[in-house]
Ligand code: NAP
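In structure tokens, the next block holds one chain alone, the form predicted alone.
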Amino acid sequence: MRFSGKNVLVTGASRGIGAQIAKTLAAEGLKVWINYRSAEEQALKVKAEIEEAGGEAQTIGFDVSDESAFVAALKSIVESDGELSYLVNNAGITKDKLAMRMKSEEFMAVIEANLKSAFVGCREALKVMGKKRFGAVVNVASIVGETGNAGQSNYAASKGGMIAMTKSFALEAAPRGVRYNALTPGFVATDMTAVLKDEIKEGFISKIPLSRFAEPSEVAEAVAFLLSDHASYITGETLRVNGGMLM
């Protein structure tokens, strides 16, 4: 990959897909800011792995659903590095329940953590990146935001909203030289999917033309592409990484 910026903030980067995104971007030469909410030990482990591989990383703890904390964190990064070149809004939560039984608070908790936090990140990044007329943001959404899913009306709404919001930011940011794209992973081989029963896994895999879950590295490489100069003429797009599950 080819990058013109020097640093990136990855939210929710202490484990899973976020951790792999951080490692991949660090391997490409970017200084990575590893965001975590409570899993400091895991974040420090990711940092150590990056540094052992010759990369540069720093941890930064804050809750993405806390707007003031998110704003303060971006300010801290800019004060430290003099810029923010790239942002990956990856952090998110689920609170699954059938819609008939879901309370408004449970719906809004996911909207706050997933969609509002991404909005704050996108907004603040544009303020910073727009001054230099350079930057790129990737919002990690989900295939569920495109297809819906029983028991996940809150999660689907948050990720579907993220896809639409990305297009709006892309339109506003283009004159300032800043790009916004979304990425929608399908099923990914992580700790969360590892605990699924074999018959459930097989049921999901039967719906995937490539007949397997994605590896976290495959999602991370797609994120790196969208941030990189190789995607310099791509903005407002949604890149599907789902093995053909949704075409």
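Residue indices: 1-based, along the sequence shown. In this text the structure is predicted, and so the values were computed from the model without any measurement.
If you look for the form predicted in complex with the named molecule, you will not find it shown, but the lines that follow are about it.
- Only one of Glu221, Asp63, Glu49, Glu215 lies close to the named molecule in the predicted bound form, with a heavy atom inside 4.5 Å, and it is Asp63.
- Within 4.5 Å of some heavy atom of the named molecule in the predicted bound form lies at least one heavy atom of Arg15.
- Using a 4.5 angstroms limit between non-hydrogen atoms, Ile205 is distant from the named molecule in the predicted bound form.
- Proximity of Thr193 to the named molecule in the predicted bound form falls within the 4.5 Å heavy atom cutoff.
- Contact between Gly92 and the named molecule in the predicted bound form is found at the 4.5 Å heavy atom cutoff.
- Contact with the named molecule in the predicted bound form, defined as any heavy atom within 4.5 Å, is confined among 170 to 178, 133 to 141, 73 to 81, 97 to 105 to 133 to 141.
- With contact defined as any non-hydrogen atom lying within 4.5 angstroms of the named molecule in the predicted bound form, the contacting residues in 169 to 190 are Pro185, Gly186, Phe187, Val188, Thr190, given in sequence order.
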